[in-house]
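To begin, one chain is listed below as structure tokens, in the form predicted alone.
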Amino acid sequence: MLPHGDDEEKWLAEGIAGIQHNAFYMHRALDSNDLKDALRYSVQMLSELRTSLLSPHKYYELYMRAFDELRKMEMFFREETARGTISVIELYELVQHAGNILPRLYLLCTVGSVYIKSKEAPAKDVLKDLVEMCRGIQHPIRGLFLRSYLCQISRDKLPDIGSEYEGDADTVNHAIEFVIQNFTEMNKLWVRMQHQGPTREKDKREKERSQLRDLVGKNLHVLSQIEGVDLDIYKETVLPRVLEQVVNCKDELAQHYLMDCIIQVFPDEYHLQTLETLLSAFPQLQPTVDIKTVLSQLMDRLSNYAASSIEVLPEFLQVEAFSKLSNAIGKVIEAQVDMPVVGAITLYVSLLTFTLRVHPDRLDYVDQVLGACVKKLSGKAKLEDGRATKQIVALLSAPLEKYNDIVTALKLPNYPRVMDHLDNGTNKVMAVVIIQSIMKNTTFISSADKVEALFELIKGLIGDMDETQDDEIDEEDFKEEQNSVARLIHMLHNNDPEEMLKIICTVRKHIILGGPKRLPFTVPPLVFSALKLVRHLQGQDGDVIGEETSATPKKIFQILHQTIEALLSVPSPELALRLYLQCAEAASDCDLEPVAYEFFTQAFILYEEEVADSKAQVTAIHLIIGTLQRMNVFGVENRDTLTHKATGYSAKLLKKPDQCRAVYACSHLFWVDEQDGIKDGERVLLCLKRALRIANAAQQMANVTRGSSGPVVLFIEILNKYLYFFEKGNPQVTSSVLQGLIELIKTEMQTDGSSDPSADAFFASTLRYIQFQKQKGGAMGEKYDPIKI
């Protein structure tokens, strides 16, 4: 049992003091060239490394102190042998007489380094001798640090090609053999650590093992630096032997770390050419190993390698990288029955990223990955695991980000099938991501089939899924989602009227089925999209004879009528009324009088039966008056009917001021300032006089209720209307009529005790305008001249 805290610090301090004490006398012996004492004190110094009381972290501090002293010892040995005081062979024999095995082996490795450098014996023989003798230490921590020292002092003395220690033709194999043998022994020691000590401290031991992993991994790094390790040797010797050790150690921590090491230290080109061998090891690893992370890193490295240069892409095709990776992932998922769904999906995300980088043109590969994901998810309930759904969103987002085009994603049959496995909330999130991609890239969807496929993908936004209760939906989120659908509808466009009509019908089918709550958001953009098509067809005869499906304004207006009617189920009468008026105006522009009249009729019916709120009535009547004024398609009879209705409804508004304003607005219905427009001066004057009577009644009511006459602002507004028609040349509106109205307002303002600053300013501004017109001169000046202000 390894101690903690103060005890461990005390033992470390004692060990360091022991090293410093013996190092002092060792230095004195070195300065005196006293080999015998130098060896004696170095053995005593190195004996401090025999401790079992320290954790790996603390032992490392002790080891580094000893390591620094051993470098000085190595320099001394080199000088002694150079002076001829003792031969390196004798020195090699001499240090083997040290009493304890651990100091003996540290000194042996140190002298071995000098021995190799002297070239009095082949490097391969000395290295083989050292790696074999290090087996004498089987304590895991002491053995790992000893072999780490051997690795450190030998890394620049391997019999590599081009090295000064190069040997015979088989020289590289000797270097590889030494490193692999040292790696194998270190890995065995490292794995053995988990079995030392009581079971209750297993977590602590695993943490300590994790701290020591770089000592083992250093061997693989040395192996990757050997110049003679070309692709053939790596394929035939290095990789199979390293993988054999990894698989056979049957240790979760070691397997995960070492597989990661292999992927990180060896070149990407080697991984690509030995993909089959490397991947064959994954299913043989322990079930608890986090294979998904390692495999993902391998695919990420290969993806980056592919992206680094276009010249390497043929290599990927040559080795059939995609099919090998795909098969390997399938085998791993099959072998690890307990692998959570999130693990499998993470693998597919990495494979998809690899595919999109290496084979962006192969949509069949992309769909194959999505299909494999569907297969994994099939038979399972909708995902509730947040991490898994996040990975699926990443999986589905990858093609959108790569192609910047939803149209490409729509070609993938398995794309919507993957989305089907998302829970309702995430399905909506993904639908919003798709819409955002379309908006960001300004992608126009130009065929009814694609629109059908797209709406299948975003069905979570355009319809209720699994009878979701209304109270479960956040109102703000719902509005944001529906607004995004509304924006999407404007991106569905085709210049061919026939195809555009099909698109409109497809959208209508989906949004009508989406339930009444969504209609106020989705119907308006559809209506305006259809009206845009009507404008495009404008001028065509509404009775074009042809196929039933031919796109004519008349047919589109029929569809619009039915679509707006659906809003009444919400109910949303004010919105429906606005849309009816928009359609009526469009029909007027197309010279379709019966259609325009029908839309107006529907607007009036809605006003009568559905619009009850007084404020909504005021808004609606002004919309009706404004729209009717702009329309010139109606014959005398139809126009009279509609204007009569409008003026009638204006006079029936609840509040007198609202009545007054609506009635004087109706005056514009009888005087349209266009070449062929209606100009009925008498009826204009009737409207204005009626407005005056209502304003007067409003004044009297104010007087009764508040004890004073009400504001005169209504009279001033009416005066401005009189001025408008006076300037337009209405013969019924004369200067004397204006004079009388001005005097009336002045009288009212004088009798009204409470002054209204805004009304005063409004009246003053109106009088300034009259004065300005008088001073301007010309024909208009003459007209205004009789008016006295």
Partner chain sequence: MNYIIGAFKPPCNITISFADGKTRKKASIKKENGQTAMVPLFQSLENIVGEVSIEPVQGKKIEHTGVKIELLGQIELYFDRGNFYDFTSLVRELDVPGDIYERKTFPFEFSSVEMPYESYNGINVRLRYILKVTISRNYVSNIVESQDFWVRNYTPAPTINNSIKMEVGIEDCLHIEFEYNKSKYHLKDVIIGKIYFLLVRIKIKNMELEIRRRESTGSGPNTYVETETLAKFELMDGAPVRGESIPIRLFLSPYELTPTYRNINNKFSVKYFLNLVLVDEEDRRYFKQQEITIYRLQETS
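Positions refer to the first chain, counted from 1. All values reported here derive from a predicted model rather than from experimental measurement.
The same protein also exists as the form predicted together with the partner chain; that form is not shown, yet it is the one meant from here on.
Handout entry: Partner-contacting position among 703, 441, 100, 288 - heavy atom within 4.5 Å of the partner chain in the predicted bound form
Key = Looking at the other structure, the residue within range turns out to be 100.
Exercise for the section: Tell me, out of 293, 118, 196, 408, which residue has a non-hydrogen atom within 4.5 angstroms of the partner chain in the predicted bound form. Expected result: Among 293, 118, 196, 408, a heavy atom within 4.5 Å of the partner chain in the predicted bound form occurs only for 196.
Handout entry: the partner chain in the predicted bound form reached by all of 532, 554 and 591, non-hydrogen atom within 4.5 Å
Key = Checked in the predicted bound form: no contact with the partner chain for any of the three.
Exercise for the section: Evaluate residue 136 for contact with the partner chain in the predicted bound form, applying a 4.5 angstroms cut-off between non-hydrogen atoms, and reply yes or no. Expected result: Heavy-atom contact with the partner chain at 4.5 Å: present for residue 136.
Problem - 4.5 Å heavy atom contact, residue 320 and the partner chain in the predicted bound form - result: Because no heavy atom of residue 320 falls inside 4.5 Å of the partner chain in the predicted bound form, the answer is no.
Practice task
With heavy atoms only and a cut-off of 4.5 Å, decide whether residue 129 touches the partner chain in the predicted bound form.
Solution key: Judged by the heavy-atom cut-off of 4.5 Å, residue 129 is in contact with the partner chain in the predicted bound form.
Exercise for the section: Answer with yes or no whether residue 192 is in contact with the partner chain in the predicted bound form, where contact means some heavy atom within 4.5 Å. Expected result: Yes, residue 192 sits close enough to the partner chain in the predicted bound form that at least one of its heavy atoms falls within 4.5 Å.
Practice task
Spot the stretch among 352-360, 267-275, 580-588, 181-189 with residues whose non-hydrogen atoms come within 4.5 Å of the partner chain in the predicted bound form.
Solution key: Contact criterion met by 181-189 only.
Exercise for the section: Select from 224-251 the residues with a non-hydrogen atom within 4.5 Å of the partner chain in the predicted bound form and write them out in sequence order. Expected result: Result: empty, none.
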